[in-house]
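A single chain, nothing else alongside it, follows as structure tokens in the form predicted on its own.
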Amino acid sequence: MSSDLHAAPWWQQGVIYQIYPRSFQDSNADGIGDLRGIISRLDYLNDGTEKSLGVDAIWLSPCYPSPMSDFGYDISDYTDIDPLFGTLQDFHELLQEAHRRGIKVIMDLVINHTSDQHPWFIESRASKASDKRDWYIWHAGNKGKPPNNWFAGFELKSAWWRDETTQEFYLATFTRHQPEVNWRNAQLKEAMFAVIRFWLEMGVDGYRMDTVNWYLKDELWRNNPWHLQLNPPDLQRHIYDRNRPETHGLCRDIRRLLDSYSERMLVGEIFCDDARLAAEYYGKSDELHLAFNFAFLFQPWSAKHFHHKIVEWENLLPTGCWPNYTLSNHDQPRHYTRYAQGTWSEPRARVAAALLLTLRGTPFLYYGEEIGMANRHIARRELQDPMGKKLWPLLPGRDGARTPMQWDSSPHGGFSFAKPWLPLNPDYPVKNVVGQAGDAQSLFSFYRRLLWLRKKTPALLLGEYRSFATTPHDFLAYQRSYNGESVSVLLNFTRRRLRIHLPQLPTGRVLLSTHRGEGEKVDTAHMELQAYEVLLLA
């Protein structure tokens, strides 16, 4: 491989695997996943051989101490591990064992808000004269009413919560138990930067930053315009409580801190429906290394729509910046379910996997997508998600995408010896890791082949992206090229056989296909793609 390839940062070449710790593996039979459970499954993720899945990094959703009002996104101590998940020593061991296998570890950094049980907030709300009063966002209100119309999406009411002790309102945009910090306060900023340093000094390889575009608020407290939208659901245009221009300066400061350590990375959640806003958080290569592009989470099953979003993202990114893609995460329905269509569901899942893992950019996988885990319907009595409880039955909440990992066909799916915190999907006896790992034709085996092929193919790691079809309707066809090497990717998004005519597509041999043998020569002048065919040519 070229010296350029070796010089590229790990996060440009790697595949990052999101683990929701509560649901990955339980080691102590309490029904809740934990750090020692994750340690026990590291060889599954990457043991250095092609028998393992082959991911390069894991991103852990929050495992800090928390009252769990929002399942860890309400943090009461930034520099410890919640006993549900283990101890700080367990985390040390996880880092060591992951690094020994060449797996990077990314922590979730939730610094827009804390828990209302965090000592900082307890002190802040104790008195208007508290030294930490200005560490959070307080307002006297207007004649006993909130200062504006900012909305708490998880509670379907005002984001301003009246505190009886001081007779003022604090801001909490998620639940009332997640008060938002005041990033304009220098002492709060330094305290948060100390948190960031704490885990970097321990050896974590980077952060997934939660709700980056929410950090700073309008100082004039202006109302947001009301605006109903369904995908993603929202009631306002967030002009004044999010996306403030000053946020970019804060991101540059955090980036400078990360850059003072070697080979660390920042990927940020810019939750919005405007890819342009997300792209702005790359700055001039001096803010986030990666800003999440969530466009794929809301696309219909259509080659045309995916093509449009790929081209849009490529065109929006600042020069020299690196794209990223994801199909599922802990907040949205799993893509296997979104794109399910009876007996064609798994063929579609293979097309989706090939798209995610062959585009230019860093892929993020969500635990279990490699075996086709689907959303599970959660009965109202079993709901855990505070948003799901509040919005039932209008919206299903997020529990359905957070069910336990399906390892085998034993009781509780090999996740735990006890009843899990959420029920498993009923399909786990037939859809699980053990059953698929030994089947060369399984979805898991397909993911594994793609991941290891990607590692060995510089064009798929760092190659430029060029589309062969400028206005595709039924299929995608594109090329990845690097240092004279190229890989052509063709993806049929339909159940029909397609005759395609692409004169610029070079004749090649099969690298990987759902329908053809490896090494088979393909005459691209007379091409026919089978139903939902994936075809990679060298």
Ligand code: GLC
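All residue numbers refer to positions in the sequence shown, first residue = 1. From a predicted model like this one, the values you see are computed outputs, not experimental measurements.
The discussion below concerns the form predicted together with this ligand, not included here.
Student: Using heavy atoms only and a 4.5 Å cut-off, determine which of Gln236, Asn425, Thr211, Asn182 is in contact with this ligand in the model of the complex.
Tutor: In short, Thr211.
Student: In the model of the complex, which of the listed residues (Arg101, His330, Lys389, Lys189) lies with a heavy atom within 4.5 Å of this ligand?
Tutor: None of the others qualify; the residue that does is His330.
Student: Picking from 86-94, 310-318, 247-255, 70-78, which part of the chain touches this ligand in the model of the complex when contact means heavy atoms within 4.5 Å?
Tutor: Of the options, only 70-78 has residues within 4.5 Å of the partner.
Student: Is there a heavy atom of Asp116 no more than 4.5 Å from a heavy atom of this ligand in the model of the complex?
Tutor: No - in the model of the complex, heavy atoms of Asp116 and this ligand never come within 4.5 Å of each other.
Student: In the model of the complex, is there a heavy atom of this ligand that lies within 4.5 Å of any heavy atom of Phe154, even though the partner is absent here?
Tutor: The answer is yes: Phe154 has a heavy atom within 4.5 Å of this ligand.
Student: Quick one: is Trp135 in contact with this ligand in the model of the complex, heavy atoms, 4.5 Å cut-off?
Tutor: Close contact is absent here: in the model of the complex, Trp135 is far from this ligand, nothing within 4.5 Å, heavy atoms only.
Student: Can you tell me whether Gln178 touches this ligand? I mean in the model of the complex, with a 4.5 angstroms heavy atom cut-off.
Tutor: Looking in the model of the complex, residue contacts with this ligand include Gln178, since a heavy atom lies within 4.5 Å.
Student: Establish, in the model of the complex, whether Phe174, Glu269 and Arg402 all lie within 4.5 Å of this ligand, using non-hydrogen atoms for the distance.
Tutor: Heavy-atom distance to this ligand in the model of the complex: all three under 4.5 Å.
Student: Scan 381-401 and note down the residues that get a heavy atom within 4.5 Å of this ligand in the model of the complex; none is a fine answer too.
Tutor: Going through 381-401 in order - heavy atoms within 4.5 Å of this ligand in the model of the complex - there is one hit, Arg398.
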